[in-house]
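This document starts with one chain, in the form predicted alone, laid out as structure tokens.
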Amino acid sequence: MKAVLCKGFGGPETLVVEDVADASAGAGQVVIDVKSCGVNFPDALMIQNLYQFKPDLPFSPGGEVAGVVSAIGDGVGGVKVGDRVIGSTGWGGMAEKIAVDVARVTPIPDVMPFDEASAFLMTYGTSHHALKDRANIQPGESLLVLGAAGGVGLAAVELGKVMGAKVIAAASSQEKLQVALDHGAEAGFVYPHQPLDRDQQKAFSAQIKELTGGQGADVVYDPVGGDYCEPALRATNWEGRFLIVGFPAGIAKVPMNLALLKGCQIVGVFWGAFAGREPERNKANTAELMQLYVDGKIKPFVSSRYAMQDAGDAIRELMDRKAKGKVVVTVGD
């Protein structure tokens, strides 16, 4: 079988496509014939040896796949050959086949195409866990989403609307902002590129306050970090919740006295750890998300599709922060 391989740490241009041994199902595993693989920011970090999980070289990037079960190992129940599924793989997904523990396999409805399925679970799982479990967001509250046109950001926009929040989108270009507005944000603004000077940070905070009627945001969803973190924190409402989701713009250092002055919470969001620690709660959340998809209330926006041989370009699009919605690598027919 063919696989995209990281054989030495570096940028996306170092990835190669080579033949490797076929995947086989061990005890408690299934083999998935991969049709599509979602591209996520951890892929970019992992190939540079910058992520907290460090697979041995060589490895294939790709943390979530969609495809068809082609083999099952001993002790596997609830899944059969021919089932259409999502596999949460961590890495290894940019390959024609992959063996996955059955506990990390989720059946998908017949109405869900493979490209949307491979773009679904990580982004919506993260954003659903963030808004429901970590922020306990309530109908009528204001939700500010930074990076609102990205994968997790756009999922947060859609889910915030479903949960009854007033969604305010912030993005780095008017084109990206329009994507968020088209997917349910009620209002929004374009923020400047880093670095932000003090006046730009003040203007950033002022825009948030203006769009929330002077109160500040009840919930801030931050998958961006960097210079945007502090001014967004300064523009939270009393007893607001600031959700830390990711850091593609850098890990911010903020004055911790702001949490005291705002009476707010700074809350970490690590969906992968939650899914591992509380599998039954995560299973219930996933079922809720699948139903929202079937009901037409959420739908992944796949903006770019790449062939296996162009997987490096797919990751580069994400690294350069050019992606809108989700980027996928098409593997099988």
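In case it trips you up, residue 1 is the first one in the sequence shown, and so on. These numbers come from a predicted model, not from an experiment.
Here the subject shifts to the form predicted in complex with a small molecule, a form of this protein not shown in this document.
Asks: Whether residue 293 contacts the small molecule in the predicted bound form should be assessed with a 4.5 Å heavy atom distance threshold; does it?
Replies: Residue 293: no, not in contact with the small molecule in the predicted bound form.
Asks: Determine whether any heavy atom of residue 318 comes within 4.5 Å of a heavy atom of the small molecule in the predicted bound form, and answer yes or no.
Replies: Answer yes; at least one heavy atom of residue 318 falls within 4.5 Å of the small molecule in the predicted bound form.
Asks: Classify residue 152 as contacting or not contacting the small molecule in the predicted bound form by the rule of any non-hydrogen atom within 4.5 angstroms, answering yes or no.
Replies: Yes, residue 152 is a contact residue.
Asks: Is there a heavy atom of residue 172 no more than 4.5 Å from a heavy atom of the small molecule in the predicted bound form?
Replies: Residue 172: contacts the small molecule in the predicted bound form.
Asks: If the cut-off is 4.5 angstroms on heavy atoms, which of these, 29, 60, 36, 40, is the one near the small molecule in the predicted bound form?
Replies: Among 29, 60, 36, 40, a heavy atom within 4.5 Å of the small molecule in the predicted bound form occurs only for 40.
Asks: Going by heavy atom distances of 4.5 angstroms or less, which of 69, 269, 298, 264 would be at the interface with the small molecule in the predicted bound form?
Replies: It is 269.
Asks: Pick from 72-80, 85-93, 222-230, 196-204: which stretch has non-hydrogen atoms within 4.5 Å of the small molecule in the predicted bound form?
Replies: Answer to the contact question: 222-230.
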